[in-house]
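Shown below, as structure tokens, is a lone chain in the form predicted on its own; questions about how it binds or moves come after it.
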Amino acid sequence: MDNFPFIILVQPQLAENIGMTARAMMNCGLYNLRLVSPGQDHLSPKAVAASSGAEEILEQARIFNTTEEAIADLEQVYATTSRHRDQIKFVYTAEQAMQNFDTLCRQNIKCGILFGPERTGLQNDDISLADAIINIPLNPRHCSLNLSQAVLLVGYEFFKRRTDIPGTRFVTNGAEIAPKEKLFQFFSYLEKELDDCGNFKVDEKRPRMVRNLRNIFSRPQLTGQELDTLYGVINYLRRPHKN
């Protein structure tokens, strides 16, 4: 798994956040976790519970004393921060950064992403070690992210490039779309019932009303089962009922 980015948490404070980070990583197919001087045990019951089944990432995580040690064997490192801190560096969105990393990782170049402590974020000294900055543009009134949320947002951008994500789908749960013939039969049935009950009172308006009704029932790609349901509703409404 060395051809995937390393997630590096610098001085994470809470075990729960380390666990939730592991969960976010697992969601995105990322398994390389490094911790720099964590404030709490990353294998504590709180961390494991928060990982929600991603404890293998916690078990395989490597611990380092300094950021320099954690990234020494990496060739490209980006730092996530909402503040540039007056440093001269390329600044990428998460999407742009992970497009770069996807290309680099396919060339077997080892890459890592730095995430700072929950309270303060990355310090200038840590950011100075990075090749570039990742900035996630959010509402300027409230752009603070939980540590695991930041990992998830960045990780998902990488995941999208390694996965064939399906586009818009129409899910019928096994039901077959009704052929046009059945839809036309339903139109005829509905229009006859409306004629019989006197709904089309003005002959001049009838063609437009019929078109509107046909448009309504043509749009949603009705299944045969749904047409049967509509037949049943109409049959029920046309029967006399006791008050």
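In this text, rigid core is short for the largest set of C-alphas that superpose within 1.5 Å between two forms. So that there is no doubt, residue numbering starts at 1 and follows the sequence shown. None of these values were measured; they are calculated from a predicted model.
There is another form of the same protein, the form predicted together with another copy of the chain; it is not shown, and what comes next is about it.
J.: Partner absent here, but in the predicted complex, which of 45 to 53, 206 to 214, 181 to 189, 61 to 69 has residues with a heavy atom within 4.5 Å of another copy of the chain?
T.: Stretch with heavy atoms near the partner: 45 to 53.
J.: I need to confirm a contact call. Of Asn124, Ser144, Asn108, Thr120, which residue comes within 4.5 Å of another copy of the chain in the predicted complex, counting heavy atoms only?
T.: Among Asn124, Ser144, Asn108, Thr120, a heavy atom within 4.5 Å of another copy of the chain in the predicted complex occurs only for Ser144.
J.: Test of understanding: in the predicted complex, would Asp228 fall inside 4.5 Å of another copy of the chain by heavy atoms?
T.: Looking in the predicted complex, residue contacts with another copy of the chain do not include Asp228, since no heavy atom lies within 4.5 Å.
J.: So, Gln76 and another copy of the chain: in the predicted complex, are they within 4.5 Å at any heavy atom pair?
T.: Gln76 lies outside the contact set for another copy of the chain.
J.: Does at least one non-hydrogen atom of Val10 fall within 4.5 angstroms of another copy of the chain in the predicted complex?
T.: Because no heavy atom of Val10 falls inside 4.5 Å of another copy of the chain in the predicted complex, the answer is no.
J.: Please determine whether Tyr31 contacts another copy of the chain in the predicted complex, using a 4.5 Å cut-off between heavy atoms.
T.: Yes, Tyr31 is a contact residue.
J.: Could you list which residues of 129 to 143 come within 4.5 Å of another copy of the chain in the predicted complex, counting heavy atoms only?
T.: If the 4.5 Å heavy-atom criterion is applied to another copy of the chain in the predicted complex, 129 to 143 yields Asn135, Ile136, Pro137, Leu138, Asn139, Pro140, Arg141, His142, Cys143.
J.: With the core lined up, does the C-alpha of Asn27 move 2 Å or more between this form and the one not shown?
T.: Moves: no, less than 2 Å.
J.: Fitting the rigid core first, would the Cα of Leu222 be found 2 Å or more away between this form and the one not shown?
T.: The answer is yes; the displacement is at least 2 Å.
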